[in-house]
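Here you get one chain, nothing else, as structure tokens; it is the form predicted on its own.
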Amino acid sequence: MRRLIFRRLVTMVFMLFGLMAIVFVIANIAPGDPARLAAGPDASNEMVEAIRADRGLDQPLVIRFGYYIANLATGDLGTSLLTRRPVLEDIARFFPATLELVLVSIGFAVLLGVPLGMLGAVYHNKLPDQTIRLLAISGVALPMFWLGLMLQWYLSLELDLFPLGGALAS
């Protein structure tokens, strides 16, 4: 048992390292210059070069990867290019709304899924089971962004049940 746990922990370390490397590579091959984005559209070339030097973007990729790993190990996730605040601060700010969304979604899934699953099992291969199966497959096949937009439109504009913007808990 200890040997299995040890093997899993070693595997986890390699997987985390591989995942960090993949995220780093994707972030560095994405189109666009992060220094230019941070400086803004009206920035001069000197300002862009100063930001590039300040953030270490002029260093070789291997050196930047080392800094990336060291910063992750200390909990420094960097600064958001969009809000210009520390990323950890943005995560802390938006985490309550995300948690609320996750908990409500799981609640709906359990409250709908368990009874419908039981109903489908009781009426196996009959009309209720086939209808539930059709709805489940349709729900998985529909693009979630489209379904979300349609639900927003219908529930907020047509039925006037929810506000179109903002959070309910605010």
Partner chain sequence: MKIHSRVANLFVAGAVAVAMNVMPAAVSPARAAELVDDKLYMVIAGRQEVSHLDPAQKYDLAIRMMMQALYDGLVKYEGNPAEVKPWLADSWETSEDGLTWTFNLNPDAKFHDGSPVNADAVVYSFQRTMEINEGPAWMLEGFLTPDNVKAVDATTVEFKLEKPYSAFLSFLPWWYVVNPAVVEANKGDDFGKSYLLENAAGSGPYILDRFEAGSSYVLKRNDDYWKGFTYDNDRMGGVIYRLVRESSAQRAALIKGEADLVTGLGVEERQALADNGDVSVSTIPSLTSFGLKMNTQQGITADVNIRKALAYAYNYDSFLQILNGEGKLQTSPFTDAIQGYVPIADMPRRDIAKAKEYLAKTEYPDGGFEVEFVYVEGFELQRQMALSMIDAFRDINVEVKLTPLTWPNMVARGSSPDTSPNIMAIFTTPVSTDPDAVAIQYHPASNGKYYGSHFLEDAELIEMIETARAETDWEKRAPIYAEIQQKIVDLQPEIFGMMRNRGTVHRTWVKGYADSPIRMEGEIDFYSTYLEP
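Worth saying up front: this structure is predicted, and the values here are computed from it rather than measured. Residue numbers count along the first chain shown, from 1. What we label the rigid core is the largest C-alpha set whose atoms superpose within 1.5 Å from one form to the other.
FYI, the form predicted in complex with its partner chain isn't displayed, but the following is about it.
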| query | With the partner absent here, would Pro41, Met47 and Phe94 each sit within 4.5 Å of its partner chain in the model of the complex, counting heavy atoms only? | reply | yes
| field | Contact flag, Gly139 vs its partner chain in the model of the complex, heavy atom cut 4.5 Å | value | yes
| field | Interface membership of Leu9, its partner chain in the model of the complex, 4.5 Å heavy atom rule | value | no
| query | Given that the partner is absent here, does Asn71 sit within 4.5 Å of its partner chain in the model of the complex, heavy atoms only? | reply | no
| query | According to a 4.5 angstroms non-hydrogen atom cut-off, is Gly117 in contact with its partner chain in the model of the complex? | reply | yes
| Listed residue that, although its partner chain is not shown, lies within 4.5 Å of it in the model of the complex (heavy atoms), from Ala53, Ile63, Val104, Ala27 | Val104
| Contact set, 138 to 161 vs its partner chain in the model of the complex - heavy atom within 4.5 angstroms | Gly139, Val140, Met144, Leu147, Gly148, Leu149, Leu151, Gln152, Leu155, Ser156, Leu157, Asp160, Leu161
| Does Pro34 count as moved between the shown form and the other one, where moved means a C-alpha shift of 2 angstroms or more after fitting the rigid core? | no
| message | Does Ala121 move appreciably between the shown form and the other one, meaning a CA displacement of 2 Å or more on the superposed rigid core? | response | yes
